[in-house]
Each structure stands twice: as C-alpha cells, then as structure tokens.
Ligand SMILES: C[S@@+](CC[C@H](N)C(=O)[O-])C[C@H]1O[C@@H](n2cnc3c(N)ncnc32)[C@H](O)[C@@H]1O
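Next comes just one chain, in structure tokens: the form predicted on its own.
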C-alpha cells in the first residue's frame, strides 16, 4: 500500500493500468512478486490444481499438434505464467509416455516473479526446462505457446464513455491521503483513436483496453510467423460485443474492493476474446473459432480418459475424480465461463478441440 500511496503523493494521480502494474508486479511490493497465491490455502485455484486430467488433455493436444507439424526433431513449448509449476510438472509426466515427442521437446517457462520461479524450481526437476523473462529470448521453433489464466492478470486501461466524450480512468488519493479513489480525466486523442481503430466502442459506458495483452499477442504472433507453431490460451472472458467493467480483486477465494490493500490481493479482468481473435488475425495468424473450456476438453477426450481411469478406482477415488471433472466442464462452473482460443501459422489447419 505504501508504494502506491507514495507514488500518488508524488504524482497526484496515475492511470489505472499503472496502478495495477504496481499492485501486481512491482519488484518489492507486487502481489505476484512476494507470495504464492495458488491453491486452497492461497487466494484462488486454477484448473491444473483442480484435476490433473486438465494437464493430461493439454499434453495430448500438444503431442497431436507436434504430429500435425510433421514431428519436427525440435519442438519448443512456452508456458506463459506457469503459476506454482503444477501444470508443467504434470505435462512432463504425460509427455514421457510419448517417447519421440519427449526426445524432441524443450520447455521455456515465461515468468517474471523470482518468488514464483523459486516455487516452480522446487516442483519441476527437469533438464528439459529453462526459465525466460522476455518473449524476445525465444530464438527457434516450431513453438507452442500455452497460457492458462495468463492474460487476465495483465494491466488494462479503462475508458468511461459519456455521450460522445471519453474519459480515462485514473487513480488518486482521497483528501485525507489515506485512501484511494477513481478519477476521470479527459482521454487524449491518441487513446481515443486506438479504441476506435480496435472497434471497442459499443453499448455500455466502460471500455476496457487491454494494452499489455495486445503487446504480448504481437510478440507471440511474430515468433509463430517466424518459426511456425501456434498459441493456445484459456481464460475467463466473453465474446459478446458489449462494453463492461470486468475489473475485480480476489483474496482467500472471495471478491473484494480493488483498493482494499493493493499488493495483497489479485487483480484481474475478463478477456475480450473477439478482440484477441481480431488482433491475432491482423498479425497474419489463422484463428480457429473461440470455444468453451467444456467443449475443448471433451473434444480432446477428457470424458473417455476419466472413464478409463475410473475402472481401476475405488468408489471414493471415482467420486473425487468426477467431482473435480465436473468443476472443469460444468457450464455453471468453469465449463462455459472459460473460453479457449487457438491461433496458428497460416496454411496449417489443425482443429483438435475445436
């Protein structure tokens, strides 16, 4: 909190995306830089922690995509934001069952938090894995980029629309300088041009502009176009063209005010998947349709795999596995709220899961 208060005392106000960046990624103060937020004892739980069936399906998908690429003797898998390392650990376990793929494989974990990197290194003991801090470090391919709940944690700008006027959302101190509040300042022409060019203006008064996410998509597209491969990403988000305020903070599995102890809670926003699709297409990638996590996992074979595993299980083990599976694919749980998008180099048609 002190870092943000001090910054605001000095600057008077900062744009929302700068506030989120400090709250989450400041080297000393940032939420992701100083704690492990994952799991039951943390602040939220992700799909790989719910069931290793999720990781198995991602592994199967990666092997199938490698086969589709002609089984190159080198394949690079880049996991974007590897969390506590659970997914990577489980992927390696499954990959070992596919000997030719495993022999061709190298893994890069894109992680900027030294704290999380330490946690990942304890969990993942493999010579196949190295850590990177920049997408630019990738210098060969084909490359498979995979992200699960990566893009939702990147800073966004918010623009408030009132009639034909646009105001950028800023953050400032209250009069007593003890609390934080929102402030609307007239948006500059460059920002207005950007949101118009991206066709972000529609019904609703809060426009979300995921500037950081779009920069990452550009960098990733460049690597795929150069080295071949694809991007598969899963996140909660929407496909409807409607302006909405999706900013939220989470602590101990509960939602709270984003100004309540920033630096101690996660701040996320929902992904505008139509915008992602547009951006990737404009960067010359072929984008498969946007689907739901439920449909994707079923098409890759999660139900068949659960059925095979259940035959060797006790009643209690079976009940536990299917309860976890339900959390992943039930439309009322993660099944429909989470969407999946896949982009690949043009001229390649791979559609497993879609």
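Numbering follows the first chain given and starts at 1. Please read all numbers here as calculations on a predicted model, not as lab measurements.
One more form of this protein exists, namely the form predicted together with this ligand; it is left out here, but the text below deals with it.
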Out of 68 to 76, 152 to 160, 270 to 278, 90 to 98, where are the residues with a heavy atom within 4.5 Å of this ligand in the predicted bound form? 152 to 160
Just one of 201, 211, 256, 112 has a heavy atom within 4.5 Å of this ligand in the predicted bound form. Which one? 112
Position in contact with this ligand when the complex is considered in the predicted bound form, options 144, 116, 207, 217, heavy atoms within 4.5 Å: 116
Is it the case that residue 325, even though its partner is missing from this view, gets within 4.5 Å of this ligand in the predicted bound form, heavy atoms only? no
Is residue 81 one of the residues lying within 4.5 Å of this ligand in the predicted bound form, judged by heavy atom distances? yes
Does residue 321 reach this ligand in the predicted bound form, with heavy atoms at most 4.5 Å apart? no
Taking heavy atoms and a 4.5 Å cut-off, does residue 46 contact this ligand in the predicted bound form? yes
This ligand in the predicted bound form: within 4.5 Å of a heavy atom of each of 19, 246 and 260? no
